[in-house]
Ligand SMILES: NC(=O)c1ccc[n+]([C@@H]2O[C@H](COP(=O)([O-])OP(=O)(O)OC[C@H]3O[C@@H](n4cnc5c(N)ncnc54)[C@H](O)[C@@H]3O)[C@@H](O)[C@H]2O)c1
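Take a look at this single chain, the form predicted alone, given in structure tokens.
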């Protein structure tokens, strides 16, 4: 069987939002490990620079860019700076997001709603828009949106506003995938289960583990492999799909 080159991304130029820490950092390091040059986009410049410095030590090229993706103007500038530094944009991972404290819906404020949607859904949309505009002239691109299993289910500890934002990401992915496929751009998403990262709320893993078939949470490597697949030529026939990586949690 003729394989297209595996997960080798040598020569590709990537951008990862929210990559100063956690899953985003793992995605950026994985892309660099597969041969891509990467722009590290984060609201915290110090963390972005730390990730970029780790990538440079591997021999890949990296640039740190400060941006608040809830501002469409900053998202656009992040894409422009990525192209200035790396030459073009082939792969974009829209990972940046916020998770408000778990709270009943009767207690959600307008400020919490606006901040969550402003980053997780509105911000992601305008990032994707800027990325697609940069990719269209090249007739090629991979856009990967990070959603959540909470976009598929009602989490036992109520967090409606977060779940609604992630459900929006999943359907947004489908809509953009159909629009942009004729331009050579593949848009897909990933819905991770509970993944151990520094900013994970400590009361979340016990809820997940009570019914997780594998009896364990994910680590960042479990999710990063999917990003490599969706970034590579091996996923060229996948359009508008959401990869659920949850150890079987949503099956029950």
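Because the structure is predicted, anything quoted here is derived from the model rather than measured. Positions refer to the first chain, counted from 1.
Missing here is the form predicted together with this ligand; even so, the following discussion is about that form.
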Task: Interface stretch in the predicted bound form with this ligand - options 105-113, 141-149, 81-89, 177-185, non-hydrogen atom within 4.5 Å - done: 141-149
Open item on the list: Counting any non-hydrogen atom inside 4.5 Å, which residue from 172, 132, 161, 119 sits next to this ligand in the predicted bound form?
Closed with: 119
TODO: Give a yes/no on whether residue 241 approaches this ligand to within 4.5 Å in the predicted bound form, heavy atoms considered.
DONE: no
Open item on the list: Whether residue 49 contacts this ligand in the predicted bound form should be assessed with a 4.5 Å heavy atom distance threshold; does it?
Closed with: no
Open item on the list: I'd like to know whether residue 43 contacts this ligand in the predicted bound form, with contact meaning heavy atoms within 4.5 angstroms.
Closed with: yes
TODO: Indicate whether this ligand has at least one heavy atom within 4.5 Å of a heavy atom of residue 62 in the predicted bound form.
DONE: no
TODO: Go through 57-75 residue by residue and record those having a heavy atom within 4.5 Å of this ligand in the predicted bound form; state none if no residue qualifies.
DONE: 67, 68, 69, 70
